[in-house]
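In structure tokens, the next block holds one chain alone, the form predicted on its own.
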Amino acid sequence: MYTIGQVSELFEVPISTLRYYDREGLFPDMERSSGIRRFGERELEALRVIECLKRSGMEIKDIKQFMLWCARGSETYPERRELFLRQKETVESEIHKLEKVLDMLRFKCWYYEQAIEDGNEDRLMAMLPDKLPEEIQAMYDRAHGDQ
């Protein structure tokens, strides 16, 4: 069993956030000893899932719904699976957007390295938009695609 302070350090989550989660019912079966919260493995796993869902962009009210489904048992497996499928799609979409951002950053790093070497952008401007080195062209195209 862990204290709230230990869990806060372990997960790098403020104690106030853990208390909020508890008030919201996200740790329904948490043990208490003289009013002090005691986190067991069940709560730690719940916290891992809560933090994952939060990072995926899910709101607390929806996480709370998930926890209610968990408490209801196996009859809610389809709802839980659907929730995770939706969040997976959301995260995959966000990753795709970030990959485009990363390609643009990589392209611009290369571009300015070349401009520094050349002392100007003349050669580079003559290469745009479709006469870049193959690997750089692929980055440029991904960064500029699906405008």
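Fair warning: this is a prediction, and the values are worked out from it, not measured in the lab. The numbering used is simple: start at 1 and walk along the sequence shown.
Omitted here: the form predicted in complex with the DNA. The next part is about that form.
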Single option in K100, R80, R42, K54 placed near the DNA in the model of the complex, where near means a heavy atom within 4.5 Å: K54
Just one of I95, I36, L85, C109 has a heavy atom within 4.5 angstroms of the DNA in the model of the complex, so which one? I36
Might G145 be said to contact the DNA in the model of the complex, defining contact as any heavy atom within 4.5 Å? no
My question is simply whether R23 lines the interface with the DNA in the model of the complex - judged by any non-hydrogen atom within 4.5 Å. yes
Would Q137 count as touching the DNA in the model of the complex under a 4.5 Å heavy atom rule? no
is_contact(D118, the DNA) in the model of the complex, heavy atom dist at most 4.5 Å: no
Which of 100-108, 85-93, 55-63, 118-126 has heavy atoms within 4.5 Å of the DNA in the model of the complex? 55-63
Select from 8-26 the residues with a non-hydrogen atom within 4.5 Å of the DNA in the model of the complex and write them out in sequence order. P14, I15, S16, T17, R19, Y20, Y21, R23
